[in-house]
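Starting off, we have a lone chain in the form predicted alone, written out as structure tokens.
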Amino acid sequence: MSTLMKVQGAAVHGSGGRLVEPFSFSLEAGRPFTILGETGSGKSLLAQALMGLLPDGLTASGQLFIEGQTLDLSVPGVQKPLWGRKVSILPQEPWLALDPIMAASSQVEESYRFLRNEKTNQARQSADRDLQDLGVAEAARKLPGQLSGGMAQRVAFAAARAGGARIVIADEPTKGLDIARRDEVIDLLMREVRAGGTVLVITHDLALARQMGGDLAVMLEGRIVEQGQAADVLAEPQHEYTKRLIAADPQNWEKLEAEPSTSASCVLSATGLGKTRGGKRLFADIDLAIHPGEIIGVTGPSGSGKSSLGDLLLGLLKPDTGTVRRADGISVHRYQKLYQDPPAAFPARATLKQSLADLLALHRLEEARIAPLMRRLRLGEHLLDRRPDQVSGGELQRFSLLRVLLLDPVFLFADEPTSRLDLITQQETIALLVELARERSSALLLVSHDTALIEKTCDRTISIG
């Protein structure tokens, strides 16, 4: 087994001190390496330091050894000659990484032309061959916006690999994906490993770490607390934090006791609901009555219509068949949605304080309501002066929940609210959602691709697809 890259004492520094403690490891040919940790642990910062992509204001230190070269990580831009040729990145958001106005094949072709100096015709043939090998030949002439998430991920993988890099850094590659899509991504990554390359995976996904195998390091608050072969670490964890991570897997949760509603009244009901999209029937003849304080789970594969069902109930979509009825005398603003992707739900350039102030002004709410909810959600007041991109994913999702709770919802549609969160933050968020739903007699419709989470949490379940 040959070493493709060796990292010596890689660390990340900010104005307030060191954010990631020095870490040394090697990436071996034919063997994956995974760094596992919760949101904000510093694992993505480490990957950014290795690639020379740290945010402004942060610096790296340490050394990188690759194919006889020694690179000083503290020197800005020193890694650029490696990009695409020696080391590539598989992005967690393929649609953001791909050019929205360039056909898929052209984006892969571009890497062959500029990184391998192939002529236009040869590069086009190489790109088409790669897409064929990945099972997405039909994507060649399509724009990214015309592709499914799985197809876009494969196109991004082809573009990342076209320059000949044998090392792939994948930062949260399965974030927000259902089990089928997650397995597709794992297959992509393991292709590289089986071909004699290597993959450095940055993730909070325990199932991904388990399936990748190879070597595993667990990161907490910027330092590695446990390291070894993935199978050994996950089977017999030694550090208390690793044990907490494993215990936070929904498979290991205790089943919450169902609490059938004692109220005869409904906050919302539906009769004969049906919806078709793109010529495909998502669902039909759904009858549903939702009572105060009830927690209903919705499961099904990607594209089955889970989110569409919730949007129909909120009036964000119109049904093709059937009707939805809300309780009389209740403001439409008390029927709310908690979005899967918190960054998309907040103005990017406004501080969180400003976003909340806008909500208060719009609905004529008292500012005094914010502080008690922030304490309940374990959000520090210092976070209010930050923009959405300056807080962790878990913190931003709790701000999303804070904003919804200010409107005192009688019905909350939570659309994959934890799919982008680490296991511990996910467990805390779900527990809080359930607690508040019971306490406030607010009905909760919880959509998740994780069937174990739904089974352990909900009073009853709707399966679609």
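Residues carry their position along the shown sequence, with the first being 1. Owing to the predicted nature of the structure, the values given are computational and were not obtained by experimental measurement.
The form predicted together with a small molecule is left out here; the points below concern that form.
Chemist: Are S41, P55 and G394 jointly within 4.5 Å of the small molecule in the predicted complex, each by at least one heavy atom?
Modeler: Yes, the whole candidate spot contacts the small molecule.
Chemist: Can you check 383 to 391, 330 to 338, 296 to 304, 119 to 127 and let me know which stretch has heavy atoms within 4.5 Å of the small molecule in the predicted complex?
Modeler: This holds for exactly one stretch, 383 to 391.
Chemist: Counting only non-hydrogen atoms and a 4.5 angstroms cut-off, does L401 reach the small molecule in the predicted complex?
Modeler: Although the small molecule is absent here, L401 would stay clear of it in the predicted complex, with no heavy atoms inside 4.5 Å.
Chemist: Does E109 make contact with the small molecule in the predicted complex, using a 4.5 Å heavy atom cut-off?
Modeler: Judged by the heavy-atom cut-off of 4.5 Å, E109 is well away from the small molecule in the predicted complex.
Chemist: With the partner left out here, check for me: in the predicted complex, does some heavy atom of R161 sit within 4.5 Å of the small molecule?
Modeler: Taking the distances in the predicted complex, the answer for R161 is no, it never comes within 4.5 Å of the small molecule.
Chemist: Wondering, does D205 line up within 4.5 Å of the small molecule in the predicted complex on heavy atoms?
Modeler: No.
Chemist: Consider the chain as shown here, without its partner, and state which of E192, D215, D178, E172 has a heavy atom within 4.5 Å of the small molecule in the predicted complex.
Modeler: Here the answer is residue option E172.
Chemist: Heavy atom within 4.5 Å of the small molecule in the predicted complex: which of L45, L64, L27, V410 fits that? Just give me the one.
Modeler: None of the other options qualify; the answer is L45.
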